[in-house]
Ligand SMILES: Cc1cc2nc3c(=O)[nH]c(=O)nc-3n(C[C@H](O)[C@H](O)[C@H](O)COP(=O)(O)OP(=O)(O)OC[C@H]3O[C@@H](n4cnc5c(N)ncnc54)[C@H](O)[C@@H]3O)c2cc1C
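Okay, here we've got a single chain as structure tokens, the form predicted alone, with questions on binding and movement later.
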Amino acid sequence: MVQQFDAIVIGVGGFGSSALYHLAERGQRVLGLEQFGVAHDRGSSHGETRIIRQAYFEHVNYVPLLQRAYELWDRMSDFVGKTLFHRCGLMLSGPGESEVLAGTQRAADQYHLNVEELSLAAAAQRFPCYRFPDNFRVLFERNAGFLDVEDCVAGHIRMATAKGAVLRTQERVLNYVVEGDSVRVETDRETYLAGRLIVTAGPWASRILGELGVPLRVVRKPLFWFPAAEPQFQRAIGNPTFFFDLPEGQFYGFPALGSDVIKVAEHTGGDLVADPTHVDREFHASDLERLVPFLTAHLPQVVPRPRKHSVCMYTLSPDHHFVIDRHPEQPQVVFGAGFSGHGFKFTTVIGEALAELALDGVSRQPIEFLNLSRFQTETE
């Protein structure tokens, strides 16, 4: 017998776990389908930590979404009984002409966010781990910080199942078919029916949503943990998260969290991934070609030989902004894709928006700038 649900979520990572919770919280009988396990390391939502910030240089329209996301992260921490959002601040630096710094300042000014510009002397005193050339600017966003990424995914799933959601892991979706007012989803185990479908398949989204004509590129993104034994690297004594916007690339990282290593990675670049199921997860010396010179120049006390590494993936939309909408020909189907390497901090609020789109046809959240119409306008 075919099992029936009010809604199904395909892909229960960062965004899917949140959508699963928000559907269940609204009383829906909802099924989550995940081809791997809970909080797995096969996609884009793993690697211990993610930066979260509100002064959003990518586009000021993201700021209201982040203000709601902050509320939901705090609510989630209360539910799971542990801090998931660590407000240690974010230091941003780069040459005076940096677009990242200019965009951060614009967002801060428009929404009256707590962003402070530091003189180079003040920055060197407050943040002794880092080196700032004479032509650099330094900003500090006090209310930024980092999220415990795996705990956040597991927390959303815990909240969802507490509200009655059903989760099926190690079950791969083969296809879905719209049949009248319902959607039939076939997996490698069973067939399910539901009135609504949310697709949050991460790097696998283009396989399911390819017919919409929005090309999504998947790139391989290595993450590294480097030895940093000096006490000044510790979050406990005030070392924040950081982001450097340089002509040769963008680099980010985290304070030491009680150990003698710090996590650092490059935000730009990345090798194209043909098949996300078989992404190369091995360490290659070439992965460090730009990262080591960055460390040598700006974090000289870090030992530029990684102690461990991991590999995740960015799923890039053409303009590097999210793609969130209802399917134009299948109103039962809603999708979130193309989060372009800066999405995880939004998972609380985007999960809420996806649930609203699926159930109400419209979201209360200001997501119009992220819908499909922007690509249709460009190509007409």
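Since this is a predicted model, take the numbers as computed values, not measurements. Numbers for residues come from their place in the sequence shown, where the first is 1.
Form predicted together with the ligand: not shown, discussed below.
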Inset, instruction - Give a yes or no for residue 54: in the model of the complex, does one of its heavy atoms lie within 4.5 Å of a heavy atom belonging to the ligand? - result: no
Inset, instruction - Please run the contact check for residue 316 against the ligand in the model of the complex: heavy atoms, 4.5 angstroms, yes or no? - result: no
Inset, instruction - Look up in the model of the complex whether residue 159 has a non-hydrogen atom within 4.5 angstroms of the ligand, and give yes or no. - result: no
Legend entry - the ligand contact at residue 223 in the model of the complex, heavy atom, 4.5 Å: yes
Legend entry - Interface residue in the model of the complex among 240, 94, 155, 203, criterion: non-hydrogen atom within 4.5 angstroms of the ligand: 203
Inset, instruction - Consider the chain as shown here, without its partner, and state which of 283, 85, 252, 132 has a heavy atom within 4.5 Å of the ligand in the model of the complex. - result: 252
Legend entry - Location of the ligand contact in the model of the complex, chosen stretch of 98-106, 120-128, 189-197, 164-172 [non-hydrogen atom, 4.5 Å]: 164-172
Legend entry - Partner contacts for 28-58, taking the ligand in the model of the complex and a 4.5 Å heavy atom cut-off: 33, 34, 35, 36, 40, 43, 44, 45, 50, 51
